[in-house]
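Just one chain is shown here, as structure tokens, and it is the form predicted alone.
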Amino acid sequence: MNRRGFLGLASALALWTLPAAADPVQKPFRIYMALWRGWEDAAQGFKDYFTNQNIPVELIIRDAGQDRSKLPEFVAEAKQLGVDLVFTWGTTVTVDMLGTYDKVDPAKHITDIPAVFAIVSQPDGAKVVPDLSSSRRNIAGTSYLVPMETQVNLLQSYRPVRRLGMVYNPLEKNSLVAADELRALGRRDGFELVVAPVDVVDGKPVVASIAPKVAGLKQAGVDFLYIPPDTFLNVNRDILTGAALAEKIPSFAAAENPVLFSKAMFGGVYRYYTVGQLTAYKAEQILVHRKAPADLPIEPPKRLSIIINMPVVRALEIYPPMGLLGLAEVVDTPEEPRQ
């Protein structure tokens, strides 16, 4: 075979073996992002995923600033703009904008536009979806709370617990579901849950009641303080974790911020940034690959992060077992929260 014939055959084989290039996206996908407490790591992870995958998107960002009255405005605006996808952050935003699976009102909720949700701690418990295999409607999403049984096992592996304390906001659905799950596990595993709801005045939780509630748990003889995924407690995490440290109560957090940026002793979490990226992957399946949201399961990230706050460990002199320490991410330098 001459050189020209060889080159022609090589070119033909290359054309046959190489996959066809993906069709270029003609215009950015328009995504309406409805946030609850500002831009944070889950939102950043969501945004970065599209950048890293070279998927052009136009993000329309709205922050409710923990004001529930703004959410109907967001629903109306997303519909009026005719966006390609809606992203909702947190249980309150998701329920108010997308409805629960058994109570969806097209006049009040987004139904015709596909949506993805993130940072919803119990999607099935909050009735966002009937179960985690499928939403059975025009939404998909992720779960970010480590299964409660795994959390309790981690906590017990650090230090055996007979009485577990929990301060919570009684207006927060996530905390109510968490308390019910902990009670059930306590009955099974032989520990008692002692709850201390913060005071509510004029329909709002009272910040000044947090420290006295922690002191009451100390008097009740709790071995550990459990910090649920609760926006009110997250905003006031320095008060909560500072009170626990002052009372010499070790604390376990279900989310990363109280450990990374405050004085919770340790936690077992899925990192917000990773949750945001996984949620963006779900969005890609819908927008780019044209998959029906109902065909996508609601999943957590694959990797669990165990975080230990060593300055708090040293202050309490309650050191982790070596086996747990070997698996953990150790925080030993104070770090300011990212905005």
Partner chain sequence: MSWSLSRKVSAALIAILASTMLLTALFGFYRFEDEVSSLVRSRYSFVAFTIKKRVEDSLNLGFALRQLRQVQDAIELEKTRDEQIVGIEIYDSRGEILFNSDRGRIGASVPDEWLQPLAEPTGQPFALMDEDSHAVGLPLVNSLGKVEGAVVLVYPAGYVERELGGALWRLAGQMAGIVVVFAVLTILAASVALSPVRRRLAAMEAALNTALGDTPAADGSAAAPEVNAEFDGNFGEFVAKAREALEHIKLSTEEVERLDRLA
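Please read all numbers here as calculations on a predicted model, not as lab measurements. Residue numbers count along the first chain shown, from 1.
Missing here is the form predicted in complex with its partner chain; even so, the following discussion is about that form.
Using a 4.5 Å cut-off to its partner chain in the model of the complex, not one of W36, G65 and Q151 places a heavy atom inside that distance. Although the partner is absent here, R271 lies within 4.5 Å of its partner chain in the model of the complex, judged by heavy atoms.
Using a 4.5 angstroms limit between non-hydrogen atoms, S69 is distant from its partner chain in the model of the complex. At a distance threshold of 4.5 angstroms between non-hydrogen atoms, L278 is in contact with its partner chain in the model of the complex.
In the model of the complex, its partner chain sits within 4.5 Å of a heavy atom belonging to Q53. Note on contacts: among I298, V312, I60, L304, the single residue with a heavy atom within 4.5 Å of its partner chain in the model of the complex is L304. Residues from 96-123 do not approach its partner chain in the model of the complex: none has a non-hydrogen atom within 4.5 Å of it.
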